[in-house]
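Take a look at this single chain, the form predicted alone, given in structure tokens.
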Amino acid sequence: MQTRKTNNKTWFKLDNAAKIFPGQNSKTWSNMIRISVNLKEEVEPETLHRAVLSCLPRFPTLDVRIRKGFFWYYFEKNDKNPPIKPDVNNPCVRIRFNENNRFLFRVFYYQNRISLELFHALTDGYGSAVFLSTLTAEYLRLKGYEIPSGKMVLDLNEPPRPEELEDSFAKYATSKVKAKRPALPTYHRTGTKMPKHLSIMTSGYMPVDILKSKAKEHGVTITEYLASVLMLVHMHLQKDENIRQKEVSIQIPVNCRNQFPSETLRNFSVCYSVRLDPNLGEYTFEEILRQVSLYLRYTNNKKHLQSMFAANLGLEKNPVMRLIPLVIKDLGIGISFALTAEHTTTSLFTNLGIVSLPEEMKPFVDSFILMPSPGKVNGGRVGAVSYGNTMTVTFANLYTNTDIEREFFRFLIRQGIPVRIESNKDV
């Protein structure tokens, strides 16, 4: 086995958000993030492998394996090489800690596409995008193109900066008030589940300028607009089922770097949950837009975020919890997650935002795709990302029925937004 010269004594604590993920890692839940880049020429696997090895020293918190301590997990420098593989039909499948040369990320290639899957304990969507952007730039350099660093492409000649490695949750958790979490169960669209480890991946490509103009007509952001469409679809689907109506909740992760001066490449995002109760009456799309927009603008501020950080750190700092052995912590997290996982969330909509690359890269890059891991009970979890004038909205669905994504894209088309569909199943 080929190895790299590394300092095996280098290790990292898991950031605050990452601490619960290892205990949740199971056959039915993966906590993986998948981000892909579509290039304008076919990918050369050997060159891609060289690019990965060139990038790893710049991303020390990804160049790790996970180890068990007596009280907590920790990351330790990995001295092996990460494998590069042809893409698979089961995206975001659970990662086992003893496979993949013990790396917690996977790199795939297929025709002109490079795909990266990372265990969420490593980083969030933003950190994933920075790594993939830097990897793509290095790949193009090895192909003979002159690609500078800048924007979301890091300089591989610079050493990692301490700011990139920090746990920003701990740094900014200064609130004395701990935010409360919703506990009421919500509606879930169900059906026949796909075979284990398989899911339906459906992407819709749409023009950013038209989508932005449509959102602007309603005085909302693109995230607020698309999350409202997802809310509307679930409200209609539940009504058609003629069952006892439950609240519909859309979970929306936000990048906390937009509120705090953080440069971390580790996790620094939290989730808001927008909830509407159909028992109060039927909501029009305009009413849903207003409710979603008002909620996010009211809550998405530094003070509220700091209270959410404080709540998350409370468990970690609890003196009793700190003394409980890891095997008991894992058991408790596993049982808690099995009983409550996604039961307070109908679906998820995460918008990474704009991937910014140096001008010299643009002739070689067509689009990006962000896909969250399939849910445990959520019918369709949604990831969105923009590059240039193309936004890609991708559903990860663990059920065979695809009415959520079908109705979502049909609504956009009826609103005058052109959508090009790509899927591993006809929808």
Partner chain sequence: MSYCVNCGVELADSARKCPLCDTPVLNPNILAEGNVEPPFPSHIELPKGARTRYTAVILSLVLLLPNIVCVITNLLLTTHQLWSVYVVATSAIVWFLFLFPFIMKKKHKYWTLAVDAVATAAYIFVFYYYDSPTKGWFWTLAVPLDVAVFLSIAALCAFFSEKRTILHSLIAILAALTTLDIFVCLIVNLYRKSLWVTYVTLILGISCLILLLFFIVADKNYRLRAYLSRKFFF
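All figures in this text were calculated on a predicted structure; none of them were measured in a lab. Positions refer to the first chain, counted from 1.
Keep in mind that the form predicted together with the partner chain is missing from the display, and what follows is about it.
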{"item": "Contact stretch among 210 to 218, 137 to 145, 122 to 130, 106 to 114 - heavy atom within 4.5 Å of the partner chain in the predicted complex", "value": "106 to 114"}
{"item": "Lys13 within 4.5 Å of the partner chain in the predicted complex, heavy atoms", "value": "no"}
{"item": "Exercise: Val88 in contact with the partner chain in the predicted complex, heavy atom 4.5 Å", "value": "yes"}
{"item": "Touches the partner chain in the predicted complex: Thr402 (any heavy atom, 4.5 Å)", "value": "yes"}
{"item": "Partner proximity in the predicted complex: Glu99 to the partner chain, non-hydrogen atom cutoff 4.5 Å", "value": "yes"}
{"item": "Partner-contacting position among Lys329, Arg94, Arg189, Arg275 - heavy atom within 4.5 Å of the partner chain in the predicted complex", "value": "Arg94"}
{"item": "Residue (of His197, Arg181, Lys239, Lys302) lying close to the partner chain in the predicted complex, criterion heavy atoms within 4.5 Å", "value": "His197"}
